[in-house]
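Before any questions on how it binds or moves, here is one chain, the form predicted alone, in structure tokens.
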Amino acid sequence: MASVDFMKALQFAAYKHSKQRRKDPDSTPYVNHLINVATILAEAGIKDEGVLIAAILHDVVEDTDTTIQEVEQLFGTDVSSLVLEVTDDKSLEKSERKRLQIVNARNTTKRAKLIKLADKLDNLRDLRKTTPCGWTEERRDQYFEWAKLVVDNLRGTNAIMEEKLDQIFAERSLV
């Protein structure tokens, strides 16, 4: 059963991301992605409440007006440190952020790696189904290639998620 803290995080994330949509043709509400990431973790056997709450909040600092201090105040240091660890620095160019995700993946904590694996798995599942609005097929292919580089630096974290990711990479001949 979900804890009160988990439900508060879900409520907070839903509010903060309420106007955001995914770039799929159906403009799926962004909160669905956050729920998917937490569900992937739970299905992979993760019971660590801090990880599950941080999974729900993993994009809130990066993609909304929320500060890491606000996350810490509402959800504690454990959750805020995990959120910070998986948050890209938006002051950097996109290409540099993507490069740093590859380079830094190996050096993150196991708990942050779990969130990153689940995030990549959900994104790749979506990309497998459809090309986001405004994306070329080439950009979609490049995302798969980039995600594989990130995932390769997260290896040894969770066999269940890694196996599912490997199936997706094998479909695209990225093994």
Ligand code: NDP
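All residue numbers refer to positions in the sequence shown, first residue = 1. Not measured: the values here are computed from a predicted model.
As for the form predicted in complex with this ligand, it is not shown, yet the points below apply to it.
Notebook entry, point to check: Thinking of K23, E62 and Q142 as the candidate spot, does this ligand come within 4.5 Å of a heavy atom on all of them in the model of the complex?
Noted result: Looking in the model of the complex, the three residues K23, E62 and Q142 all sit within 4.5 Å of this ligand (heavy atoms).
Margin query: Can you tell me if K113 lies within 4.5 angstroms of this ligand in the model of the complex, counting non-hydrogen atoms only?
Written below: Residue-level check for K113: no, no contact with this ligand.
Next item on the list: May I ask you to check whether H33 falls inside a 4.5 Å heavy atom distance of this ligand in the model of the complex?
Entry: Output for H33 is yes: heavy atoms within 4.5 Å of this ligand.
Item checked: Any non-hydrogen atom of N123 within 4.5 angstroms of this ligand in the model of the complex -> Output for N123 is yes: heavy atoms within 4.5 Å of this ligand.
Check: Are any of the heavy atoms in K94 no more than 4.5 Å from a heavy atom of this ligand in the model of the complex?
Finding: Flag for K94 set to yes.
Note to self: At 4.5 Å between heavy atoms, only one of the stretches 64-72, 105-113, 48-56, 131-139 reaches this ligand in the model of the complex; which one is it?
What the structure shows: It is 131-139 that comes within 4.5 Å of the partner.
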